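Before any questions on binding or motion, here is one chain by itself as structure tokens, the form predicted on its own.
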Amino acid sequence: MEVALEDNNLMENVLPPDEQEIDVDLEAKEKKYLRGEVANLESLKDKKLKTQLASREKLYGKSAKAAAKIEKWLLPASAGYLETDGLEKTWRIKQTDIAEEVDRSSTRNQYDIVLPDFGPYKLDFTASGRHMLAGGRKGHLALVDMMNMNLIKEIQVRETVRDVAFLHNDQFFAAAQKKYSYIYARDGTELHCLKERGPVARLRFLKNHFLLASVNKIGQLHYQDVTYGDMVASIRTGKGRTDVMEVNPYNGVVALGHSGGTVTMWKPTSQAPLVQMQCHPGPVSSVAFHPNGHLMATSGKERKVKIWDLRKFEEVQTIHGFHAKTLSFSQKGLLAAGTGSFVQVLGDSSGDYSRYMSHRMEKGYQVEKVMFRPYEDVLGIGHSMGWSSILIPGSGEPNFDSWVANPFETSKQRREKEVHLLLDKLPPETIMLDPSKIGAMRPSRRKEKPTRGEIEAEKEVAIEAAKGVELKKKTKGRNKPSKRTKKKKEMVENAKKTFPEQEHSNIAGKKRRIGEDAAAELPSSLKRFARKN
């Protein structure tokens, strides 16, 4: 009977071949998320520490298993990447070579829109990558659906457009025009004219805070809340005119590049810069942030691109011989740099950024702005004659989270998401260099004064310790009982002198009581002249 039960248990533990493969795959993925080898708990003698470490190791195992399951079932696609054999170089591969190897839907992302009368163009994408906004210097604004390449709306504002930016979704966008900034609806209707900012050079939108940040020609930085229209902050940078501006996606800090080679970082609740870094000897031409917020790329007129670690504010790498007019990081960490009619993409596969892909514009079009399209292996290029799109394998995140950015969202989902974004809106005070400090306890700046009971207890302990000190036996004449008693009294008095606060409070109380008694003895006609303590 026992043998039969054991056989049944063995049959229950044996899994089908498909499930066995899944288990092996999950174990392999789980090892990737584990934090090294398990600590040796048998050698520990402290039972409390042993229990704490055991519970922590158990928690690490559960989190690694959960991460492996998420990767297995919810993240089925993996990012592609160009690989070559032998002495071949990835940066020698052209867009025509890539077009021959990819499917038809991917080749639709390779195109050139030529509009010679309205350029150069600035570009911006929504968080989902579904829509693109193009703004021509000579007044042309175009909203395009990138999924089916349909033109949603096209307007001509008949004046200079310096920059464009989407707001929280594709329904609203802002344009920095000749004299003022304007906010437009999806159908091209002008909703607001922002006159307080003056002639704006650059626009950026902080989606978690619903703040529209801008810097104008005279170097003033403005933050405006788009939910109720008030100006949150107006800051004079004191660094002169600048057209280099970028937002760190990790903490919402705005970085400005100046003509003196410095990069300053700002938040709306401070009139002084949070950080001021001397990045280049000459003017800064472009700034870009890595999606994780820990790396920053800057380019200067001295033909250098520098990579900075913002956790230590130290230079990590310098790339020589390349002047970048515009920089952009992809979701997977690729860095695109554009200057003249040449675009270069740098990858960090070996730890340091090196050349990954190159592209030369047709007919010498001058690059104005490069920007990666989210969740797609696509790089958008705004240039002097329109805009273009090229394929960069491995640049986009292959798996999108529909709660964060859904390219296929319906109008109902969009409305619900807008309500949730407004409910989750963060106040401007949460913008800081280290957002992990939010919710932490602020350390006390000064020590708390001990209570009177604590002082008395410490005093008694010190007196008892002074009385209990054994004196050394000295030579004849110096070891008399009277001298020993006198020495003990001196030690007790010295112990009492270490608590002057209590003595001072006693003296002050005694003086106050004496003053009150003296005032009580005065006649009623003179009491009003008595000193009040």
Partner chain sequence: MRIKTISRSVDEFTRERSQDLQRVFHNFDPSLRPMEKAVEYQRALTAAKLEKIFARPFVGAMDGHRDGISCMAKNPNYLKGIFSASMDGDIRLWDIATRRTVCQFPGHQGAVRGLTVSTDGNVLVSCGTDCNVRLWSVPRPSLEDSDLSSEKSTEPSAVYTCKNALLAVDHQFEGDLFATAGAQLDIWNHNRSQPVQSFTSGSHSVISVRFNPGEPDILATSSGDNHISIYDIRMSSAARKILMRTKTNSIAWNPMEPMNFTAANEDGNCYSFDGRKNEEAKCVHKDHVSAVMDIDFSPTGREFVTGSYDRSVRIFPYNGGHSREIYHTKRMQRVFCVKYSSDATYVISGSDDTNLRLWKAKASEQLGVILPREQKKHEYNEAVKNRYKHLPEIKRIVRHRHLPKPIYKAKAESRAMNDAKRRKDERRKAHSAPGTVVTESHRTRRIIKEVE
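Since we're looking at a predicted model, the values are computed, not measured. Numbering follows the first chain given and starts at 1. In this text, rigid core is short for the largest set of C-alphas that superpose within 1.5 Å between two forms.
This next part talks about the form predicted in complex with its partner chain, which is not shown.
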- Report the stretch among 375-383, 235-243, 196-204, 254-262 that approaches its partner chain in the model of the complex to within 4.5 Å, counting heavy atoms only. 375-383
- Message: Quick check on this chain: which one of Glu315, Asp145, Glu362, Glu101 has a heavy atom within 4.5 Å of its partner chain in the model of the complex?
- Response: Glu101
- Note on the structure: As a check of understanding, the residue in Gly439, Gly453, Gly321, Gly351 with any heavy atom within 4.5 Å of its partner chain in the model of the complex should be identified as Gly439
- Message: Taking any heavy atom pair closer than or equal to 4.5 Å as contact, tell me whether Arg484 reaches its partner chain in the model of the complex.
- Response: no
- Task: Would you check, heavy atoms only and a 4.5 Å threshold, whether Val226 touches its partner chain in the model of the complex?
- Result: no
- Task: Give a yes or no for Val469: in the model of the complex, does one of its heavy atoms lie within 4.5 Å of a heavy atom belonging to its partner chain?
- Result: no
- Heavy atoms within 4.5 Å of its partner chain in the model of the complex: does Phe400 have any? yes
- Item | Flag for Leu49, CA shift 2 Å or larger between this form and the one not shown after aligning core | yes
- Leu59 C-alpha shift between this form and the one not shown of 2 Å or more, rigid core reference: yes
